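A single chain, nothing else alongside it, follows as structure tokens in the form predicted alone.
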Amino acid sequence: MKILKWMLPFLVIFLSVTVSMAEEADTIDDLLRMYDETTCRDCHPDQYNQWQESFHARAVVSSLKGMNNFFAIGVPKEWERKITKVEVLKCLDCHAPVVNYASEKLAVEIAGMIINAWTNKDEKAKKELSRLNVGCLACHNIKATAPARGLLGEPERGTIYTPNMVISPAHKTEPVNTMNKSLFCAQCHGRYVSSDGEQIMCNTLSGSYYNAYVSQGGSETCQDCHMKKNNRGHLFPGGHDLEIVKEGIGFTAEIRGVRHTVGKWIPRAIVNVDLENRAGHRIPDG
């Protein structure tokens, strides 16, 4: 009994370390096994296929230039800091939330792969990075409780969080009242606050939405326009999609032909163009 009491503190420490180590992956393969999304398409093929065509599905490889500048220039040269997991997550907490569960070593390696893929045009590195993105579990687990973590707590591994009350028998389902609100999207599409307190301003989309749209009486959410309208679902079209751009920008043009006499007849045209922002935020933004 005395030996057991003597060993108990060390046993607790050992178990704590083991659990901590189990929470972090040292390779991208291990990371994606921890958050395997391939089974999602078995029950949700429509949503999965829509997502595959979205920019969320290529959130890393479509943004290599900006992240390369941050990791290769901003952090080491402009701010004179080392590349650490904290620095890496200032990009990848949004572009690939699963990296939250990468080890320090893997997170730094991923930053190196991003630099190599952009600077050296390394196609092998780019292909490996294409496996990282904003996937099903990024929204339906990893980032699901973040807008109200003091109320909802940390996300539970294996639980699927949804904005509706439909409970699936295939997995543990937890309805949350944040996923159908703009503040859920604003986690990344707006001002980002890092774990070290630094604020990242990749875009100001949520700021213009709240300050120039909601404050003037606007009531539609991000999800209303980018998911629900026209059954857009998990395509999440934005500024890269011509149809949604047409909806967001009113355009009229008046063209009048005239002729001026300055020694001879000179044909001219007077063009009046009116542009109207019909979106719920500043255009362009992202």
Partner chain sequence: MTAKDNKGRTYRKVRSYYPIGVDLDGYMRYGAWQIKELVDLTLQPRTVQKERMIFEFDKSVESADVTVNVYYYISGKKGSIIYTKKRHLVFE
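Numbering follows the first chain given and starts at 1. Definition used throughout: the rigid core is the maximal C-alpha set that superposes within 1.5 Å between two forms. Bear in mind that the values here come from a model prediction, so they are computed numbers and not experimental data.
Only in words, not in the display: the form predicted together with its partner chain, which the text now covers.
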> Going by heavy atoms within 4.5 Å, which of 191-199, 133-141, 161-169, 105-113 lines up against its partner chain in the predicted complex?
Replying inline: 191-199
> Of 173, 187, 84, 208, which residue is found within 4.5 angstroms of its partner chain in the predicted complex when only non-hydrogen atoms are counted?
Replying inline: 208
> Pick from 245, 34, 40, 225: which has a non-hydrogen atom within 4.5 Å of its partner chain in the predicted complex?
Replying inline: 245
>> Whether residue 74 contacts its partner chain in the predicted complex should be assessed with a 4.5 Å heavy atom distance threshold; does it?
In response: yes
> Is residue 257 close to its partner chain in the predicted complex, meaning a heavy atom pair under 4.5 Å apart or at it?
Replying inline: yes
>> Considering non-hydrogen atoms and a 4.5 Å limit, does its partner chain approach residue 249 in the predicted complex?
In response: yes
> Does at least one non-hydrogen atom of residue 70 fall within 4.5 angstroms of its partner chain in the predicted complex?
Replying inline: yes
>> Within 4.5 Å of its partner chain in the predicted complex, counting any non-hydrogen atom, which residues from 137-174 show up?
In response: none
> So, does residue 268 move by 2 Å or more at the CA between this form and the one not shown, with the core held fixed?
Replying inline: yes
